[in-house]
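A lone chain, given as structure tokens: the form predicted on its own.
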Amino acid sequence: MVAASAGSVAAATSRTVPAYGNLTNKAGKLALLGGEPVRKKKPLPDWPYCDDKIVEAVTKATRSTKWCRIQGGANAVVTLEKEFAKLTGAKHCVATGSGTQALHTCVEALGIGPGDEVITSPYTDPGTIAAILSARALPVLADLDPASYQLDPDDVERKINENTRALMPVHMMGQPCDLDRIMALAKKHNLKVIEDAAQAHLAEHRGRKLGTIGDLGCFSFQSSKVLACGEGGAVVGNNDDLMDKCYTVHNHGTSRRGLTEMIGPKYRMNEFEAAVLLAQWSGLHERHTRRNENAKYLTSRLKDIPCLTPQKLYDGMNAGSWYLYAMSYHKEHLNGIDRATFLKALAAEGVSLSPYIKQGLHREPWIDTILNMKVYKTMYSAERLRRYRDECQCPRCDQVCAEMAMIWASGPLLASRQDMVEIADAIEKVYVNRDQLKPA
């Protein structure tokens, strides 16, 4: 079949496809069908980040034999807490063993437990709801804005009832959710806000770092994150008493005064994790800036290619972490070609995009598990549990799961501008030559 030229595509569609890069490359035969690929075995930057400074920091921590924050002379965790608080603009930080632990610490510190409800997103890591379930509270799932992949504030408000104690918005892909609306809802209904900023290091909303806008904010340092140490997490906040409770909870209920005062697991970060994180500090802002610049470039290139729509960003976003560069795939603009075929065609051009979350948490079996648990049957009425099952419908989350295509951005978005040009060229090539593909 003869490939469509950029000009013929422009004439045949209501949206103009601009001419970028090497048009001969893009107007030719798709690599999937035997043509020359746009990118030829050029790997993008790997992740997690590692250099000699990190290796030296771990070696130093090992040789110190001070491996736990409560040992005399151990100080990497304490230093990390001070530096991360400074980085986010928060007054306090408590370092934990994971982002999930950070979230659960907050839930316990706020006194949320059986009989209470916390509204959050179905489109997130299971750790988000695990933090609520671990306190035997009820995670209530609100649906999404399908363009931003973030919680829809209108559905959040519909789910608020007399038992709702907190909102737990998730800053998906490292970009701010609709915080103006979420914070207004919290104020209106007298609710606490725990920001799940696990993916959102250094991201900003109206000049404030994410994680510092709600009552408490939580971060993850898991291997894939833009600041990583394998596992690890942090709680940040500005309320002295509340952050003191967070410390006590994460330290198996033992306060800074050395008294066992409340229920708490042992969620302390170790010195090795803190050493790995601190060794990355010098290049953190440079990497953050590069991701934002490359994301901006990709968005400018994709704006006239209707089969892919970049993640909607809300008013007030100053910067994102760009943990992922996410897009919605619209097969109606690619002759009905399904997502799998589109991604296969792109892979042949040397560009790897992939789906993200296969299905929302509202479709996972944990719901049946908790509805049959004695503690939930005891602490929640049969009518509430029946309604809960009925309300666990999130069709727009299903839509997002079906449409999502993304670049694992922690490493790849640190690539050169030429790499970004080639990624955009490959996407444009597949779009321009879409008539060469056949629906599955």
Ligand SMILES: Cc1ncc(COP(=O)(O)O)c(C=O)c1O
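Predicted model only: the values in this text are computed from it and were never measured. Residue indices: 1-based, along the sequence shown.
One more form of this protein should be noted, the form predicted together with this ligand, which is absent from this view; the next part is about it.
Under a 4.5 angstroms non-hydrogen atom cutoff, this ligand in the predicted bound form has residue 103 among its neighbouring residues. This ligand in the predicted bound form is not approached by residue 321, whose heavy atoms all lie more than 4.5 angstroms from it.
Using a 4.5 angstroms limit between non-hydrogen atoms, residue 135 is distant from this ligand in the predicted bound form.
Although the partner is absent here, residue 271 is not a contact residue: none of its heavy atoms lies within 4.5 angstroms of this ligand in the predicted bound form.
Only one of the listed residues (192, 287, 225, 245) places a non-hydrogen atom within 4.5 angstroms of this ligand in the predicted bound form, and that residue is 225. Proximity to this ligand in the predicted bound form, taken as a non-hydrogen atom within 4.5 angstroms, holds for one residue of 119, 198, 216, 107, which is 198. Judged by heavy atoms within 4.5 Å of this ligand in the predicted bound form, the contact stretch among the candidates 359 to 367, 294 to 302, 107 to 115, 125 to 133 is 125 to 133. The partner is not shown here, but in the predicted bound form the stretch 86 to 101 reaches within 4.5 angstroms of this ligand through a heavy atom at 98, 99, 100.
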